[in-house]
Ligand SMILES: NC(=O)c1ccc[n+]([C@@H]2O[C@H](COP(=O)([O-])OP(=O)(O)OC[C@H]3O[C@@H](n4cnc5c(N)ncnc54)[C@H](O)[C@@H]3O)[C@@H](O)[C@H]2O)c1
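Only one chain is shown below, in structure tokens, and it's the form predicted alone.
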Amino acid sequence: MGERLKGKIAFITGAGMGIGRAAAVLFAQEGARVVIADIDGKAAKETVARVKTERGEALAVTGDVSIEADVERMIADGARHFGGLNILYNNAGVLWKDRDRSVLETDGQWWDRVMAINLKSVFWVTKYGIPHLQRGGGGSVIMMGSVSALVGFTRAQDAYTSAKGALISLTKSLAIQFARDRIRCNIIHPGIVDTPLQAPYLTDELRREFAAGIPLGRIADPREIATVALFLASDDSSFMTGAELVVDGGFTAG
């Protein structure tokens, strides 16, 4: 067990699988107590079980991050159970390439749903979570952006791209607003990551295409993004706020 997050309490959305699960386990390994928030209660409990195998402490809370009442309840339950919150990791998101396409092809209902989960959820988490960080004397807010917010793609996902772009502006606004409260806010822009969210779309042909287009020659593992979140959650990044960290294997450098 490490001590980079010793004594800290982290609230992680979308922690039932993928990057969120990897972060929950990693944060626990570094001493944090973790609130596992997910819409899938079974998946959340499985993450809790994995954390406990690392001799960590975790609580599963279930709800839809796009619904205000659900987020308010999950935040309150986590803070009550562990006695506060120090880290908010807004990891939850959806990637529906079959429904979220060009503005010419996307139905309004899917646009609204993508924006609700990928953007509005962060509004609710920060609205109800930041007061706990203020009472605790500070903390870290971590956003999950995307390289899709930085460059255009021929395979358009315009709702997803718009939501991730908006998170950049929100990150900077929160960083300035709450700096005097010793609350830092930063955003990670991952490239393609081998997660259950991506799995339905990652055919062998597409994997080869991505590998050829990424300078490091491969797709990322979820833990490689989680380690960046750990850096932002810990005091190792104590002088960073309002920053964007691109973790894409060199894709956007090309």
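Numbers follow the displayed sequence, beginning with 1. Keep in mind that what you see is a predicted model, and the values were worked out from it rather than measured.
Omitted from view is the form predicted together with this ligand, to which the following refers.
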property: Trp124 within 4.5 Å of this ligand in the predicted bound form, heavy atoms; result: no
property: Close approach of Gly139 to this ligand in the predicted bound form, 4.5 Å, heavy atom; result: no
property: Contact label in the predicted bound form: Ile192 to this ligand, heavy atom within 4.5 Å; result: yes
property: This ligand contact in the predicted bound form: Val25, any heavy atom under 4.5 Å; result: no
property: Heavy atom contact within 4.5 Å of this ligand in the predicted bound form, the stretch among 101-109, 88-96, 127-135, 175-183; result: 88-96
property: All of Ile39, Met144 and Pro196 with a heavy atom within 4.5 Å of this ligand in the predicted bound form; result: yes
property: Answer option from Ala229, Val65, Ala60, Val51, heavy atom within 4.5 Å of this ligand in the predicted bound form; result: Val65
property: Contact set, 230-254 vs this ligand in the predicted bound form - heavy atom within 4.5 angstroms; result: none
